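We begin with a single chain expressed as structure tokens, specifically the form predicted alone.
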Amino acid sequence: MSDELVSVTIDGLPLQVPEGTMIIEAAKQAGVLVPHYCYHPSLPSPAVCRMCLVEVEKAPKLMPSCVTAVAEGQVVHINSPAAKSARQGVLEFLLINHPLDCPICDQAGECELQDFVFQEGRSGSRYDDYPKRYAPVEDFGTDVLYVPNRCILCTRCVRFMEDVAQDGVLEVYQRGDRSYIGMEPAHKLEHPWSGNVVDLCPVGSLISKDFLHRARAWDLDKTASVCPGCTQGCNMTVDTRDSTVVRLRPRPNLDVNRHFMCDAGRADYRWMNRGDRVEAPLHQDGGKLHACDWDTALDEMAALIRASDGSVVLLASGRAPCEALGWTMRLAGNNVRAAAIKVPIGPEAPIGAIPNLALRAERAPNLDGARMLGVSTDWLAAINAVKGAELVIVLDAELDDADIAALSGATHLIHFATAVEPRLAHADFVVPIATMAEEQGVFVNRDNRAQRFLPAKSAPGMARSAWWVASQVWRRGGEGRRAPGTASEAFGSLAPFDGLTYRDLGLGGRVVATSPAGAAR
């Protein structure tokens, strides 16, 4: 696309757009959505649905706006009588065989066929007296079901698998009203990014088996977040119903993941709904952990840290956000002997045709944020340092038996925990903290892009954000200390992000300094 601008007029609104822009995208800049089905900004445009036809002055016929580029002086009418009549005709044909099963369809409330029929369609059809086509539901494998009765043959799924995933297992079979999407018997839809065909389907033809009949669209609360599955940092939307996470979906960000996310990421949400949560601060009393109020827990932890003049070891989860890592490091001060995050490793899975987009081997979403804050990835060295440490702080890390054995010899132990860990019952304190689904925070991905996630549900019981707990204990450690009042303030007070706020990051993220910084000031 050229940097040169051309002047066009769309529905009476003059504007300038880059040369080569398609009319459908130019219309978005004019605040007009051209109805469409086959078009998708991250897929090749075949212009097969004919839903996006618009009237262009001096053109001999209606033009498909998804493949027609703007031209200097062009005048486009999206809602002219001719264009609206063409769209009504397309919708009438689509509804000839489409079942009226909206009450049981998972796509109801999010269906583009519903939306455009309501917006553009006519009140009746000339084909009401004819029987509808019927075909049985097919299992495409992994998490995808295909309901051919609802299919409008937009071919988004075919083009995604062919051109983006580069695993062309889906094809259009037969012709005319007998056409359907299918696979050869020897093939399977098992690409690690194949779940995106469900998001791409504009109707309820491709559906998720995991989400099937779990919630209606209008029952869901949708929250902008960041995938915690790996260092790629794909932007996603968390869908919750009654404070329970039921679905993760990709959120568009052209600089990170375009419109896609991998199947491993979209399936990784059940830990957000765990029932074995720590719901109140616990402290040792008489050899057992007992619940206490926050003031008691914070005061006693501050006293323990003041008394621990020796070295401190921090063992943190790779899912710990920058705010939690930075303020825990500040709490430890100059006594940090070792600080590390645990980085699970798994197979890498690239999407195919999109450079720099893959399920990464390092399954720690804040790996680069940890490095900026002076936290290493040498987990074994940190575990070995436990033996000579005065105090060990565990920040919601997943511990194996060897880690637990090493921690059994710790002089003092503070456990920031989301879930109950019976093997750490000897800890001096167990602090209930929120998961990423319950708090605001920032992950820094492999490209040094700091990205913000929002709370999708409330934290259970008395659980609070880890940065809040650490900052409140730190405040009690000396005169004149002031703890941050908000998560944004907690983020901006860390050395690598000095001066940045959540407003600066927005919901698309921002590239920050690439050189690792020292621990938080």
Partner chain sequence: MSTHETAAHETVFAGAVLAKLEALYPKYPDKRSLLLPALWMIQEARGWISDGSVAEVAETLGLTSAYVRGVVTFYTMYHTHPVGRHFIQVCTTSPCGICGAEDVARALVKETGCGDLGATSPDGRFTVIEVECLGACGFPTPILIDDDFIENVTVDRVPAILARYI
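The structure displayed is predicted, hence computed values, not measured ones. Numbering follows the first chain given and starts at 1.
Heads up, the form predicted together with the partner chain isn't pictured, but that's what we're talking about next.
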(request) Heavy atom within 4.5 Å of the partner chain in the model of the complex: which of Arg449, His412, His187, His77 fits that? Just give me the one. (result) His187
(message) Give me the residue from Val256, Leu170, Leu200, Ala338 that has a heavy atom within 4.5 Å of the partner chain in the model of the complex.
(response) Leu170
(request) Indicate whether the candidate residues Glu138, Arg175 and Tyr180 are all in contact with the partner chain in the model of the complex, with contact defined as any heavy atom within 4.5 Å. (result) yes
(request) Name the stretch, out of 161-169, 265-273, 362-370, 219-227, where some heavy atom lies within 4.5 Å of the partner chain in the model of the complex. (result) 161-169
